[in-house]
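Quick heads-up: it's one chain on its own, the form predicted alone, in structure tokens.
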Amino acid sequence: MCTLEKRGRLFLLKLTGDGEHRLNPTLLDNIRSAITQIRSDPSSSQSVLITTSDGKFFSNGYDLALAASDPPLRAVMAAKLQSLVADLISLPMPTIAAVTGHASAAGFLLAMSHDYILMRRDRGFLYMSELDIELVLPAWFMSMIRMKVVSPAAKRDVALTAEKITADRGLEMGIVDSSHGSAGETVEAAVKLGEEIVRRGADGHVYGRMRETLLREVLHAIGSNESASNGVRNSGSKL
């Protein structure tokens, strides 16, 4: 499901296998367990997290097939993703998403929950798909979009046109920090960036507290009853 590797002061969390990395309860629990392990490491406040994946997908959103077979799991998945995003926001270190494949719906939100997004340009889209399947985006998704997507036009294109955003288009929109020629180059660039951040020597606890303040709107939305009632039906990619 996922692996965690420590390289010096870098933690590399990888979603493993060639599947779609659908965010089912098991995968979400595994990622949260890795985050807990990172948080408990004595070097965590001087470290950087890099999250990446194997295969064609970074993550294709919630596990809809599982939710269809057991509808109460929809609310379970929503609650677990909310907890994971809150964990990432409060983590005492900078975070980098090395997006090496499609990141759709909840998978796109997971990428946006990191401080930096690096993306391969030869494959993959960022895609908030709810408009295409006639579902309203949850309020806490909208909070993250408001906080992470700067221009009104870019917010519109993410949420109200369901644009399939390439790496270079993401750069234009201010969502992606850098684009790279392959999956390997994307991860390599993330490692280089992480090493540069480590060399700056910032206190991760101070960094984490400042991030919590910066993203207070998202944390408030996660904590609201409205977030839990908006539903989690989510198509992922139609690619």
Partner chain sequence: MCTLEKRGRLFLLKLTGDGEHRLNPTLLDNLRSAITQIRSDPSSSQSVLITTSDGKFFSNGYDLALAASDPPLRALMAAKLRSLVADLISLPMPTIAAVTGHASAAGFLLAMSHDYILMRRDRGFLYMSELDIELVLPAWFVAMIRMKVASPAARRDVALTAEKITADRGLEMGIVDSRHGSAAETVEAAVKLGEEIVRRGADGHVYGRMRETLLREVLHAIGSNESASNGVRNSGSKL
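Keep in mind the model is a prediction, meaning the values are calculated, not measured. Numbering follows the first chain given and starts at 1.
A second form of this protein, the form predicted in complex with its partner chain, is not displayed here; the remarks below concern that form.
Heavy atoms within 4.5 Å of its partner chain in the predicted bound form belong, among the stretches 98-106, 72-80, 138-146, 115-123, to residues of 138-146.
Residue contact check for residue 155: one or more of its heavy atoms lie within 4.5 Å of its partner chain in the predicted bound form.
In the predicted bound form, none of the heavy atoms of residue 13 sits within 4.5 Å of a heavy atom of its partner chain.
Mapping the unseen interface onto this chain, residue 159 counts among the residues with a heavy atom inside 4.5 Å of its partner chain in the predicted bound form. Using a 4.5 Å cutoff between non-hydrogen atoms, residue 84 does not count as a contact of its partner chain in the predicted bound form. Scanning 199-217 for heavy atoms within 4.5 Å of its partner chain in the predicted bound form gives just one residue, 217.
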